[in-house]
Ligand code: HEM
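Next up: just one chain, as C-alpha cells, the form predicted on its own.
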C-alpha cells in the first residue's frame, strides 16, 4: 500500500535564473536529493508541483488525471488573453495541446508519415539531403574560413527532411527557419517569454498563410506527400485544425533534431576517442545518439494540470494543481542512471524521457534518431579534421535547448 504524504518543498527560482538556465543540472541534482516529486509553495514559481524522478515522470505523463494545457484551462482561471495571439491559438489547435477523441483523430492521420515503412523508405532521401548539405559546407569552408555548422547543416538537414515528408518544395525551405525560431521562442518557461509574443504571432500568421496555399495546391494537384494524403484521405479535419497541425509538425519536426545534431557534435568533438567508434559501428552510433538525448536533450520539460486529486510517487497532487514535469531531470536521475552526469554511449538502463511518454509521445522520435545516426558519421567521415572554430555559444533555454551558432573549420 502506497503511503500518501505532502512531499518535500522546493523552489524553481535558482533553476529559472540566468545561471540555472545555462546549467540546469546542479539544480536537477538538488531536486533529486529531495525525492522524485516536490511541492512548490512559492506562487512566483507559477507551478504547484514539480516532478523530476524518472519513474515519477513516466507516471505523470500517463496519469489520466493530468492533462496538457488545453485552451479551456486558462479560460477556467480567467486568463483569456491568449485568445488575442495567433501563435497561442495555433498551438491550442494542434495535437500538442488537444486531448481525447480530437487528439486521437488528428494523431492517427499524421502518424501515417511516421510508420516504420515510410521512415525506412525515407532513409535514402535523408542520405541525399545530408550529402547535398555536406557539398554546400565544403564550398563554404573550402579556404579554411569558419562555417556556422548550425545554420548550414544541423538546421537545414532536418528542415529538408520534414519538408520532404510534408511536401514543402525544396526552394521554399530556407524561408522557414527564422519564422520557426520566432514561433518557438514563446515555448520556454518564465514570464519573460511574453516579450517574444508579437514576433511569434507574426510568424504564426505567415506560416499559416504559407500552408494554406500549399493545401490548396495539393487539393488541386495531389502528389506523393503527407499533405496530399491528408487532404484526399478519409479523415476529416477543419481547415484551421489542419493548418495548425501542419505548422506545429513542421516546427517540431526539425528544431529538436537540429539541437540533437548540434549538441551531439559538440559532445563528440570533446570525445575524439569515440569518433572512430561512431564511424566504424552503426550500433555504437545509435547508442551515442541515445546518450545525447539523455545527457543533453533538446526538450527539458512538459506541463500538465490536474483535473482531479491524484498521487505521484506517494505525493498528493490536489485538483487544479499546475504540474511541471522535468524530462531533463528524469534523464539525470541517479536512481535510474548511475553516475548520471557521465556521458556513456554504452549505457543500457532504459529510454531517456526526451521524447515524452504516453499518448503525447513524439511522433517523429524514430525519424529524429535516424537523422542523428546518419548525419553525425557522414559529417565526420566527409570532414575528418572538423573542429570548433570558437567556443560554442551559450544555451539559455530549457525548451528547444541548443546552440544558436556553432562555428567550425572543416580542415
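All values derive from a computational prediction rather than experimental measurement. Residue numbers count along the first chain shown, from 1.
Form predicted in complex with the ligand: not shown, discussed below.
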In the predicted complex, which of the listed residues (90, 331, 159, 256) lies with a heavy atom within 4.5 Å of the ligand?
256
Residue within 4.5 Å of the ligand in the predicted complex by heavy atom, from 130, 230, 95, 326, is 95
Can you pick the stretch from 374-382, 39-47, 348-356, 24-32 whose heavy atoms fall within 4.5 Å of the ligand in the predicted complex?
348-356
The ligand is absent from this chain, but in the predicted complex, do 173, 208 and 401 each have a non-hydrogen atom within 4.5 Å of it?
no
Can you tell me if residue 103 lies within 4.5 angstroms of the ligand in the predicted complex, counting non-hydrogen atoms only?
yes
With a cut-off of 4.5 Å between heavy atoms, is residue 263 one of the residues that contacts the ligand in the predicted complex?
no
Residue 367: heavy atom within 4.5 Å of the ligand in the predicted complex?
yes
For residue 85, is any heavy atom within 4.5 Å of the ligand in the predicted complex, or not?
no
Using the arrangement in the predicted complex, list in sequence order the residues of 292-314 with any heavy atom within 4.5 angstroms of the ligand.
293, 298, 299, 302, 304
